[in-house]
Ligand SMILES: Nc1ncnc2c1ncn2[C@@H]1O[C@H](COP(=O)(O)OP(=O)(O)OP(=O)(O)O)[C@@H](O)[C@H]1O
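Only one chain is shown below, in structure tokens, and it's the form predicted alone.
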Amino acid sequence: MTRGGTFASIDIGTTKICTVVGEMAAENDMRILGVGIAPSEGLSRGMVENIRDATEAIKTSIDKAEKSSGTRILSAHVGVAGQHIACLNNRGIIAIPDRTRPISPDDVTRVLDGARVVSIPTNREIIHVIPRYYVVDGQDHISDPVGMYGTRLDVETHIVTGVDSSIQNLTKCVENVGVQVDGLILEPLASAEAVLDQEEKEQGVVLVDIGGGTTDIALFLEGSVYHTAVLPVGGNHVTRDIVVGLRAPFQAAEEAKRKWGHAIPSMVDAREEITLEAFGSEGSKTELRRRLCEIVQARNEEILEMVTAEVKRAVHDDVISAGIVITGGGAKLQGIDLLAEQVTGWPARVGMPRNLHGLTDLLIDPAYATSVGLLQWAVNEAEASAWHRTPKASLDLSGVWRRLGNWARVLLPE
């Protein structure tokens, strides 16, 4: 959180780092006060591979956001992703000893603590324990049991874990800039905050965030998250295919993909030609645009097939009534929603952040769904804790000590 009750988020991606400063406006709309975007350095497939370079890139992004907003960023919510992420569902159960009193927030905290007791490798730590629904004396699918009466309280949770070293490396990069990490948020969950409707979550929807190095998946059923996954393939792989197929430099291939790429080659004029930079003595070459689109289509088909297989491992595809919502930088490809419908057989749309005010010119774009969602998550967490100790506030009970340690590392010299 920055000064004056505003909030900050940092989306640390493979291709870009985006820092956003905002505050909650009337009617649950977000007012954006400042944005700072910098190219990523020292990151690969969502994970840090060079702490010094990653720290410098994060510092550049934060400095731009501070200048844009006129606010000093003291702490922020940070997005986490990468191949090291894993998930599982688990149930917590407690008894309510005094049946004459209603269920309290402390009881909710206890049952969530019970759900945290799972067997995971020693090199992993829990990032989220997200309540899917509660059960009070056999009455299930209760969204908030506080104030109800009963003798037994159960909770179905979705647990997200990550590798200790990857989490520590990411946290260290942010702390090196003098910013405290308020919380680590799984990026597809943040993206879902920005682009999904509650109706879609209720009826069954797959959120697919196609980033530069990874594709993040979040499956929602009956209003809550059921399954999450991170696939080790993204937009950079599409660009590398163009480099190989058209023998062009990476940056030229990236520009060609953005300018002329289309997910459905048959929708492009078969005779249309494009000129792009190329290797060799001439320095440029002419290619058919449809050839470029065929390369783009092949890799995006593969990504969507991997998404479909991942979802079908978790649930029967008949429950995905609301279909698939594609966001992230890869969602800017023309025709990606049409290709998604062809490959998956589900309804598809491109998801963009909504209900924004202020400095929104850059952010109303699928590439910034995670950045906006992280900010929304921070606001929701603060609003919940302002009323009482809710499940969201207790998602990471050990986070109290971690935050104290973070402050010590930020404020005290090594």
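Quick caveat: nothing in here was measured; it's all calculated off a predicted structure. Numbers for residues come from their place in the sequence shown, where the first is 1.
Below: the form predicted in complex with the ligand, not depicted.
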Should G79 be classed as touching the ligand in the model of the complex when contacts are defined as heavy atoms within 4.5 Å? no
Considering non-hydrogen atoms and a 4.5 Å limit, does the ligand approach L333 in the model of the complex? yes
Looking at the partner-bound form in the model of the complex, is S166 within 4.5 Å of the ligand by any heavy atom? no
Report yes if any heavy atom of G46 sits within 4.5 Å of a heavy atom of the ligand in the model of the complex; otherwise report no. yes
Checking H141, R313, R152, R258 against the ligand in the model of the complex, the residue with a non-hydrogen atom inside 4.5 angstroms turns out to be R258
Options 97 to 105, 268 to 276, 210 to 218, 126 to 134; stretch whose heavy atom lies within 4.5 Å of the ligand in the model of the complex: 210 to 218
In the model of the complex: members of 225 to 254 within 4.5 Å of the ligand, any heavy atom: G235, N236, T239, E254
